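Okay, here we've got a single chain as structure tokens, the form predicted alone, with questions on binding and movement later.
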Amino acid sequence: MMSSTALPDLPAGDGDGDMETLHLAATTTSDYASVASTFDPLISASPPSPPTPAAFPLSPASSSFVDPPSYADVAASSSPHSASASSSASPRSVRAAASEYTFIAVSDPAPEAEPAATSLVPGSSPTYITYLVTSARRGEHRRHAVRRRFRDFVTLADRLAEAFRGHFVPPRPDKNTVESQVMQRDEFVAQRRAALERYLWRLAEHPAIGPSDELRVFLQTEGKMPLPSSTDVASRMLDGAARLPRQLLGEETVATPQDVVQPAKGGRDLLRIFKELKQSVVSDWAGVKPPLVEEDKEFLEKKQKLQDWEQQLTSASQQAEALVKAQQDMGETMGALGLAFIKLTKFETEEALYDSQRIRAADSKHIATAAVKASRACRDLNTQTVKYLDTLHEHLGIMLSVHTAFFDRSSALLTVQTLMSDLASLQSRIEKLEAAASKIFGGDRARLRKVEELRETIRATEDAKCCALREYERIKENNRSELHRLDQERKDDMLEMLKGYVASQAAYAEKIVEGWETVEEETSGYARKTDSTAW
């Protein structure tokens, strides 16, 4: 026999379905009291106690549970003293505020055709993407807008690498030729645009590169990229091969001061490359102590610590990726559970023979609602997790710049060592020639003339050595200042990452717990009666 009192119909979800918003039907005291007139073989005939009102009801109109809290809100509720801390600026915003630029944006990607002269097939000019780069310097009232292609960014990076040896120059985004062929064109262009904008901001925040002429010219000079483009490796090697015969014949024996302040691996001076390779082999493999060695013990200790730090950072970055994947799986699993309970609720409601079954259906819907909202909270939490733990990936990228700066230092030291070895070799040749000439009455004019040529070569080599030594000292000073800056930034960034990560985890965990506690309160009356009948 069915009772004349039934639960209100459970409204269906709207729009996207019950996964986003579940309108809960109100279960009143009379609904539970009506069970007394029915017989349910699963429980006793006596009606269960009415449910205790929820302490934190899940209102369909309220989005406080669903919406992720801001970091300021999280920090304000995490500790009594965090009200003042939440108002303080983040380390990154402080660095941006100290830069020369108040605004940098990369937008409006647009295809353009290559000049007809570069097309191998008539009538089929290749295309490339240009980006609108907009910037504003501090103290200026106008914004500069220029068009740049990816090749221009490569040229800028090459110029900065030459001009700021020893500095931790932020690495430019990779070309990613494979990804450009695999990914959808629009998606690839959007990712590259965002990466180029982050790259320019990192350059602007750098204390040495931000105010540089290279960056200013790139951002403000309209028209074609004004910085000279880099010569490809093949062209440099061809130039070096053309110079090599003259160098072997003695026409170009000494590198100019302008050349020694740049690394030898450019390819234009093959003889210098061979000499430095010989010096490296003699020092590393033959065990011959070079005339000048790295004696800065503090630098060597920091270098070793940074290598250990990179290993730990790589491990932490991998675990962060695993955590993001696990949280994503948790959110998807909770969403699937909520959907399963929604289907179960629908089945129980449509097939119910007793009012108590309909009450259980309403309770199942409460569980489904909490599961779906917990799923959405997991997705939002994952967004916050990626936001904060991305600091690990950023500092791994910085380590690429650190390795480049350290290589600049070792390369400059190798250049000085090679020039000092050349000087010792030249001096030894002069001594041998003078000893041989002294054995001939009146002297050997040919040998004496050769001695004068070698002395001239020594003077040129001494000038080159002095320039190389100054470059080496400059790079050492750049390394020293950059290591100090990196230590401070690493401390600030890691502290901000840990505070933000812990606060977001705690806030979302509290929200999820509140949701399940609400469900517990809503189903407590039925649960207590079920427990009592089991005895």
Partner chain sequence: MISTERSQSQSPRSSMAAGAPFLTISVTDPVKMGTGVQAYISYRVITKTNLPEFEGQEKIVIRRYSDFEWLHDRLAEKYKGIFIPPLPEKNAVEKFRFSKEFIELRRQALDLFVNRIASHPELKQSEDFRIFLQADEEKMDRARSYETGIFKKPADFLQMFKDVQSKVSDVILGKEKPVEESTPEYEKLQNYIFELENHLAEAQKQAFRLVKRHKELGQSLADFGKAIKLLGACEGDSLEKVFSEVGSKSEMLSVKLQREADNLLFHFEEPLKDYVRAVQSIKATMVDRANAFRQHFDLDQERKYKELNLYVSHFAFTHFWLCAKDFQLTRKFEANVFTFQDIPNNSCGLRSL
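Residue numbers count along the first chain shown, from 1. Computed from a predicted structure; not experimentally measured.
There is another form of this protein, the form predicted in complex with the partner chain, and it is not shown here; the text below is about that form.
Look at 196-204, 398-406, 424-432, 301-309: in the model of the complex, residues with non-hydrogen atoms within 4.5 angstroms of the partner chain sit in 301-309.
Only one of Leu323, Val451, Ala208, Ile129 comes within 4.5 Å of the partner chain in the model of the complex through a heavy atom, and that residue is Leu323.
Interface residue among Leu353, Val94, Leu277, Ala110, judged by heavy atoms within 4.5 Å of the partner chain in the model of the complex: Leu353. Across the proposed site, Thr155, Ala163 and Arg480 without exception lack any heavy atom within 4.5 Å of the partner chain in the model of the complex. In the model of the complex, Arg490 approaches the partner chain with a heavy atom inside 4.5 Å. Contact annotation for Ser90: none of its heavy atoms lies within 4.5 Å of the partner chain in the model of the complex. The partner chain in the model of the complex is approached by Leu389, whose closest heavy atom lies within 4.5 angstroms of it. Although the partner is absent here, Asp329 lies within 4.5 Å of the partner chain in the model of the complex, judged by heavy atoms.
Applying a 4.5 Å heavy atom cutoff to the partner chain in the model of the complex picks out Ala322, Leu323, Ala326, Gln327, Asp329, Met330, Thr333, Met334, Ala336, Leu337, Ala340, Phe341, Lys343, Leu344, Phe347, Glu348 from 322-349, in order along the sequence.
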